[in-house]
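As structure tokens, one chain now follows by itself in the form predicted alone.
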């Protein structure tokens, strides 16, 4: 929709009135629900067909390290793997509950495009939903507490992403401390300290996207001997908790809270619990992505992180503006930055803001997995014209 509204003529498309293009959010949500339902059905069918699995649906609570109560039914267990996930973290903002707000879960269920939205949070969820609803036609104000959006990513890339969002009409405030929220005549209001100034923002809906925490409530973890740490499950490198017969995986352990990290943890926890193999997790090469347009994707260390750990580093940068493929598809914004050891050339990190960055980052992931060097990227033949040539260009720049 965004492409048709703003760039149809550039691509030679005629006969389309950009002003007449509208988002049918109800139809989009219905399609999303159908896809998600199909995925869930496939998972549950796989559980049902596997005769080694007894699937019980209900609320489970520990009564001891070896006893579970599931909706009143007592089960005795030898070993347990926790895959309890995370939920939006509570935020101590005066008046927030009275104002009423959406989380990302409710925001994916709306069937009408709101006229305006305030997004609290400048991380993955906040940035993705801000751009998504802005492109649907919502007037969006994004309030991030950190000095910049996506504060753990490479500054050049996150700051460029903020510029792109602002150019699309999103009001972005960083360094914004939200002080109070409440009901307004036409929706909700938020008061925040932005710099030295206290400002008031009003919108139809309020989206809270200020972090996530483990789902620890009501599980009886204390009776099980599972100790939390900072709102998350305390687990060692073999994913064993403080209870010797209980393992934990995924978001509940904190750190990089992504589905692909949880699917990586799963087999390790299972092999350690069932076969006592003693395998350890290695999070050195866990990719991450924020699905904006352009996409921001990263793996490994930023330049600042690498230097803080005592590495002598060199960096290589390449821009999509110089790519023939990027020009052809009309997506030339963004850049790639690679970080490597100064002596050996071993890749320590890769950071991409650009078209299909979530796909391109895997070229760096594979190179880093066995501690590969930038030379393997720089010397290998890349198909022309492709976006992957920009990865090669960044590797060549490291030399």
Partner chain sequence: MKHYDLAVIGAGQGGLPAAHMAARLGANVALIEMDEVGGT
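Numbering follows the first chain given and starts at 1. Note that the structure is a prediction, hence the values are computed from the model and not measured.
Another form exists, predicted together with the partner chain; not displayed. Remarks below refer to it.
Q: Using 4.5 Å between non-hydrogen atoms, is residue 34 touching the partner chain in the predicted bound form?
A: Judged by the heavy-atom cut-off of 4.5 Å, residue 34 is well away from the partner chain in the predicted bound form.
Q: Taking heavy atoms only, is residue 325 within 4.5 angstroms of the partner chain in the predicted bound form?
A: Flag for residue 325 set to no.
Q: Might residue 308 be said to contact the partner chain in the predicted bound form, defining contact as any heavy atom within 4.5 Å?
A: Close contact is absent here: in the predicted bound form, residue 308 is far from the partner chain, nothing within 4.5 Å, heavy atoms only.
Q: Please check if residue 44 has a heavy atom lying within 4.5 Å of any heavy atom of the partner chain in the predicted bound form.
A: Heavy-atom contact with the partner chain at 4.5 Å: present for residue 44.
Q: Is the partner chain in the predicted bound form close enough to 162, 359 and 365 that every residue in that trio has a heavy atom within 4.5 angstroms of it?
A: Looking in the predicted bound form, the three residues 162, 359 and 365 all stay beyond 4.5 Å of the partner chain (heavy atoms).
Q: Just one of 347-355, 330-338, 365-373, 66-74 has residues with a heavy atom within 4.5 Å of the partner chain in the predicted bound form, so point it out.
A: Contact criterion met by 66-74 only.
Q: By the heavy atom within 4.5 Å rule, which residue out of 152, 166, 200, 79 makes contact with the partner chain in the predicted bound form?
A: Among 152, 166, 200, 79, a heavy atom within 4.5 Å of the partner chain in the predicted bound form occurs only for 79.
Q: Among 84, 226, 113, 172, which has at least one heavy atom within 4.5 Å of the partner chain in the predicted bound form?
A: Looking at the other structure, the residue within range turns out to be 84.
Q: Using a 4.5 Å heavy atom cutoff, which residues in 243-278 contact the partner chain in the predicted bound form? It's fine if the answer is none.
A: Heavy-atom contacts within 4.5 Å come from 249, 259, 262, 263, 266, 267, 270, 271, 273, 274, 275.
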